[in-house]
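Shown next as structure tokens: one chain only, the form predicted on its own.
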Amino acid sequence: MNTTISIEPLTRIEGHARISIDLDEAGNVADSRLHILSLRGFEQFICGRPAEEIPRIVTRICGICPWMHHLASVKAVDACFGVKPPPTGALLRELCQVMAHINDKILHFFFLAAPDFILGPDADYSVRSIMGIVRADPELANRVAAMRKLGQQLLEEFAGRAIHPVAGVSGGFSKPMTKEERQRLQQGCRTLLEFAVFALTYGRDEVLNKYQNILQTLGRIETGFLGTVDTNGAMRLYDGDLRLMKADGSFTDFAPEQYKEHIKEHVENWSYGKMPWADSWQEGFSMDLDRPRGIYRTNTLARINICDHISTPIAQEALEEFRDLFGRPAQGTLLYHWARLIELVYTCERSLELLADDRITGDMIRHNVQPGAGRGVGHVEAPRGTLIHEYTTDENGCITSANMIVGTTHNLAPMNMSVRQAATDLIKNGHYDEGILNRIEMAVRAYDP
């Protein structure tokens, strides 16, 4: 008799989802699905509104990474109105974005992912959480909590809000940075960088390296990757060209405005989430594990795969070590966690680079803007992947149409593939237990959806 296993809710992710696994009569996996339960509708209900309001509205898409939606949106509005921020305005925007990345990476690795590794994937679910880590290692837990608090406070003290920001405005930024604010931010970011280097070493040696048996096998699939690079091929999070890399390592660079020439969106009748795929590869769309077509991934592993190098020294050294171990492109799904720690170091280093630029305390923070008709694409790299906002405005500067591809959306098809791979590999002859089901969740958790 056929059986369906339901994992609901999917735990320790920054959203809502469930997994269903269908077993055949022999008790082996016949099919599996990751169901996305949220229908948000932002593309529709922002239509008709003045474009300058949208960057304040779309932050509600995600309370974990509102800065990313805020800045992708304001960049799209800039493009609609034909304006670019002055250098100081652009520096202030990027600083807020990379600092928001710091806080997010601390949250995911230590609060959501680490319990599986520090306490073990077979630990009882009642203790396999951040509170279990608090009991097991209170000194570590206190330090992690203090660093996340520091990151949030630095953003709030400078930009007014760490969550649901309003500081980015069309044409630039809403306030200049004082010398005293700059000094305070530099001091705080140096403290965060010190912690990031510790986190990378600790995560590599004390957490991930102890699970070599599953590090490259659990949820492993073969896909392409998408991310952002500058003109020299260096990793970038705020601005640059998109790079779409195939599984063999070959790639194509293109401007964000050209994304529709390369990416299409597929819909399945069992999920509210759209599934983007690489149309420019001319392969079609298929989530077949043996022969996937058009499938690519985003997020931390994608970004360190597609870049030629990282422009900051400590993160670049860590990238070289990573590539010596796992090659390029690395495909192991759990390697997202390792890549996340490399990015944590990069964002701290990049914050200090931006703060060292004397232009960041300039007075010219915004250009005048005249609302009007246009089309604009704004994109940034969110913690969960490439974030794209596209708007069209009428002659009054009001939104007539919108399309958004959020970071998690790019990974919906790959996450389904990783779930199927993990479930097929782990569930045999009808045997499964809490530890096995948690490992299947881990295959999703790595993507930080």
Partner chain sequence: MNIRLAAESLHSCSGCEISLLNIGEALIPLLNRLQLVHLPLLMDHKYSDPAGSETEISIPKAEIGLVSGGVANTHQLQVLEAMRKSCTTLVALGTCGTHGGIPAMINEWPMADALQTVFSTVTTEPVDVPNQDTPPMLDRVYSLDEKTDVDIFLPGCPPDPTIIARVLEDFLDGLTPEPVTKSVCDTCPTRRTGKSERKLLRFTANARFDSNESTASMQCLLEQGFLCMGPVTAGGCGHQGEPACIRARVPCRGCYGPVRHQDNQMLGMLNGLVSQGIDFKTIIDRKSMLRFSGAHGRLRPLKEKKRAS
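Residue numbers count along the first chain shown, from 1. Not measured: the values here are computed from a predicted model.
Below, we refer to the form predicted together with its partner chain, which is not included among the displayed structures.
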item: H309, K149, R323, R190 - the one with a heavy atom within 4.5 Å of its partner chain in the predicted complex; value: K149
item: In the predicted complex, the residue from E283, E268, E94, D241 that sits within 4.5 Å of its partner chain by heavy atoms; value: E268
item: 4.5 Å heavy atom contact, E157 to its partner chain in the predicted complex; value: yes
item: L437, heavy atom within 4.5 angstroms of its partner chain in the predicted complex; value: yes
item: Contact flag, I13 vs its partner chain in the predicted complex, heavy atom cut 4.5 Å; value: yes
item: Proximity of F198 to its partner chain in the predicted complex, heavy atoms at 4.5 Å; value: no
item: Option from 175-183, 325-333, 293-301, 245-253 whose residues, in the predicted complex, bring a heavy atom within 4.5 Å of its partner chain; value: 175-183
item: Complete contact of R40, I405 and R445 with its partner chain in the predicted complex (any heavy atom, 4.5 Å); value: yes
item: In the predicted complex: members of 51-71 within 4.5 Å of its partner chain, any heavy atom; value: A51, E52, E53, R56, I57, R60, I61, C62, G63, I64
